[in-house]
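This document opens with one chain alone, in structure tokens, the form predicted on its own.
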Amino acid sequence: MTKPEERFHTKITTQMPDMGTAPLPIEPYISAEFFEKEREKIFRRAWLEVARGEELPNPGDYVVREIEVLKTAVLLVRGDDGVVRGFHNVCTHRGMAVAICDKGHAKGFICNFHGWTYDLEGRLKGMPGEEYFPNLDRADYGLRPLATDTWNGFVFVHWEPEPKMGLREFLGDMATQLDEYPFARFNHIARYSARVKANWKTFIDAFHEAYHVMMVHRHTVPDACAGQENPYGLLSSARIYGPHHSGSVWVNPAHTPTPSETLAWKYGMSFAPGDMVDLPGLNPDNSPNWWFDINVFFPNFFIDVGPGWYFTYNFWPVSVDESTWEMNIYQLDAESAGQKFAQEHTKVLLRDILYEDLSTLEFAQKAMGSGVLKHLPLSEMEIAVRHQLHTVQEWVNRP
């Protein structure tokens, strides 16, 4: 009689593509030629999350997003009809930016170079000396649009004005899993950002597996997601939705809370392991000993959801070995001083955890670039890392 398998395994609850088991190649992380293919075949062909709708609450509100991998700045503006539209922040006359602040409110946009003016829908409305442009039709010189759409308050853009696939179809069952999550009930409480000398995939790979927690986060959350039953921090369950994926982080039922965690959970909800809050969209596989879900929207956007909080990551490539990153944290409204304290606990704990995460990235990138490493051996514990590169390679190899 064979002895039952005692090792902890991640439960896969969707169909899994054949991704092989071989070590990952180094080239996609260090090759400038591969990076240019990613720019053309991934970032100019995928829907990209760029803002929350609450950032533009009123007609005329706008924000500008510099997207270096697209070599453009995107101007998002809410029109008088309430629709958020995206344009390249470029005057169609000589290329000057039409919005020179990162955000603001406007009735229209005036180019500070020669004074061409545009309305909130991007139409060219005026041009000084128009009589000296005898063959120019204003209708041909509106602001250049990007396809723009919104899901659950998240604003996405697409490089192509008329992409072959709409946003909802692109997000697929990854969005379905979170359709009912009450994002609108949450308030923005903090933003962190960094610019790091690491490939964007190296950056992402540090954030969607929990194998590293017992070592990298041994000072902040040492026993949070590893324990006697699951000593190496495997995910409880994982789901693959086309190019996207989702994993549920196991929590150690024997976790010993620190005094500050205990106090935070006494009055509110914290990122630290604590009580369960019943919200739709959480823990989709009803995994026992659940902490939170890591939801990865290909190619570069995360929504991690937990009991009473969620946060997002945007990983933006700058070059083959440099990336920028932004984190936004949201929590349910604080209705008391105690709940406010719990929110502060979340902000500070996540700040410390993120410092630890960021400490590994440039070492890893430097090692891959040195030629010392020839490949990256992966385990079952790093299934999300394998799926991310599998998808990247699939997209890059498309016609």
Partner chain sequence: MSDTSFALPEGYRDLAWLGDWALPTERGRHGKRIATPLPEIQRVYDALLPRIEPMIAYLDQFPINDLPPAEANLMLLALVFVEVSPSVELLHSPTVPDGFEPSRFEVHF
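Nothing here was measured: the structure is a model prediction, and the numbers come from that model. Numbering follows the first chain given and starts at 1.
Same protein, other form: the form predicted together with its partner chain, not shown, and the subject of what follows.
*Asks:* Quick one: is Ala51 in contact with its partner chain in the predicted complex, heavy atoms, 4.5 Å cut-off?
*Replies:* No - in the predicted complex, heavy atoms of Ala51 and its partner chain never come within 4.5 Å of each other.
*Asks:* Give a yes/no on whether Asp61 approaches its partner chain to within 4.5 Å in the predicted complex, heavy atoms considered.
*Replies:* Taking the distances in the predicted complex, the answer for Asp61 is no, it never comes within 4.5 Å of its partner chain.
*Asks:* Does His219 make contact with its partner chain in the predicted complex, using a 4.5 Å heavy atom cut-off?
*Replies:* His219: yes, in contact with its partner chain in the predicted complex.
*Asks:* Using a 4.5 angstroms cut-off on non-hydrogen atoms, would Ser359 count as touching its partner chain in the predicted complex?
*Replies:* Yes, Ser359 lies within 4.5 Å of its partner chain in the predicted complex.
*Asks:* In the predicted complex, which of the stretches 370-378, 43-51, 64-72, 340-348 has residues with heavy atoms within 4.5 Å of its partner chain?
*Replies:* Among the listed stretches, the partner-contacting one is 340-348.
*Asks:* Between the options Ser319, Thr258, Thr150, Asn112, which residue brings a heavy atom to within 4.5 Å of its partner chain in the predicted complex?
*Replies:* Going through each option in turn, the one that passes is Thr258.
*Asks:* Consider the chain as shown here, without its partner, and state which of Val90, Met165, Ile189, Met276 has a heavy atom within 4.5 Å of its partner chain in the predicted complex.
*Replies:* Of the listed residues, the single hit is Ile189.
*Asks:* Taking Phe154, Phe156 and Val213 as the candidate spot, are all three within 4.5 angstroms of its partner chain in the predicted complex by heavy atoms?
*Replies:* No, none of Phe154, Phe156 and Val213 comes within 4.5 Å of its partner chain in the predicted complex.
*Asks:* For a quick check, can you give me the residues of 297-329 that have a heavy atom within 4.5 Å of its partner chain in the predicted complex?
*Replies:* If the 4.5 Å heavy-atom criterion is applied to its partner chain in the predicted complex, 297-329 yields only Trp325.
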